[in-house]
Every structure is written in C-alpha cells, then in structure tokens.
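The chain that follows stands alone, in the form predicted alone, written as structure tokens.
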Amino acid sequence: MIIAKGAEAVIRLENGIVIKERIRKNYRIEELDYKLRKSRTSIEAKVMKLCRENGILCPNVIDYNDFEIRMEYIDGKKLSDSFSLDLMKELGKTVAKMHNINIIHGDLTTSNVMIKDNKLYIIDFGLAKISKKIEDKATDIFTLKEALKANHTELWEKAFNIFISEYKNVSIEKDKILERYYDIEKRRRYYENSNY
C-alpha cells in the first residue's frame, strides 16, 4: 500500500514494514540518475543508523540496497498535526544531538517529526548529509523556523524560542551555529528587501 509519494521517492507499507524506493528521473542523464539515487539511498540509511547508535530516535533500518530502504514503521502522529510547545523542548535537544555528531537533516519541519508514546522520532532523511560545516547546521535551524512560521502561525515565535533554549543546553557548538543562523537571517532579509 502506497502511503506517500514525493518528488524523489515512493513510500509503501507492506506487512508492517516501510519501503522507501527512490524513483528514476527521466529528465536526468541515466548514469547520473543512477549515481545520485544510489548515493542518496546509501547516505540516508547510514545517517539513520548513526542516529540510532547515538540515542536519537528515528525508524530502525532493517536493510537497504541501491535504491530502496526497508525500515521500521513508526505508528504515531506527526508533530504538525499534534503540535505542542512542550514537544519543542525535546525537538531542540534532539536536533542539537544530531548536530553534535555532524548530522544535517536538510528538511527540518514539524511534518518530519513523529510522536509515538510521547517520544519524538525524526523521519524522512532523504535530504540528510554528514557535515561539520557550521553553515549547514545553521541552515537546518533556519529551515525549521521558516516551517514553524508557515504552519504554526500563532505559536511559531514561542515555539522557536523554546526550541532554541533547549538547543543551547545541548549543542557543543551553539555560539558559532547561532551566530551563523543570525547571519543567514540578515542575508535573507537583505535579499527580500532588495530591488533585485
């Protein structure tokens, strides 16, 4: 049964197991498409395994091949559908733990966080990578803030402040990362207000 279909992948649920298959892109050169899909599938599976090894909750990878990952099904609710300020505390800690081991999610939104038994699980690592770059970590935070503004208009500011407060308590590079985050904010405002 297909449970989601995106630009990059089709996600099916079969016998209680999630199967994520990266689909062929006809507009890409075949050789390039093959390499990209294979690389992204491998990185996604490795990042999820690294998360689990470091106590960060996400679906457990059962196995994977060139274009397909078989993983645990998290039978819960999306944070976007059951939004809570208390859960933003846990998200702040979780994202800081990920950044501490140089995991960049790449698409941090409340739709990519599941709640099961009052615990947060990070899902959809399709754009994830391993990077020590401060810019990448700061961009993760900026992406989350933009998602909060767009989807949780009344509570976004309070939610983001809670997230940042908890992130600071756990992050080992908080000063550099947040300084860069504010720099990204300034750049964004400059481009939005410029006439170009």
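Source: prediction; values computed, not measured. Residue numbers here begin at 1 and follow the sequence given. Between two forms, the rigid core is defined as the largest C-alpha subset superposing within 1.5 Å.
In what follows, reference is made to the form predicted in complex with a small molecule, a form of this protein that is not presented.
At least one heavy atom of residue 9 is located within 4.5 Å of the small molecule in the predicted bound form. Interface residue remark: residue 107 is counted as part of the site for the small molecule in the predicted bound form, having a heavy atom within 4.5 Å. Residue 78 belongs to the set of residues with a heavy atom inside 4.5 Å of the small molecule in the predicted bound form.
When contacts are judged by a 4.5 Å heavy atom cut-off, residue 74 counts as touching the small molecule in the predicted bound form.
After superposing the rigid core, the C-alpha of residue 25 moves by 2 Å or more between this form and the one not shown. Shown in the overlay between this form and the one not shown, fitted on the rigid core, is a CA shift at residue 10 of 2 Å or greater.
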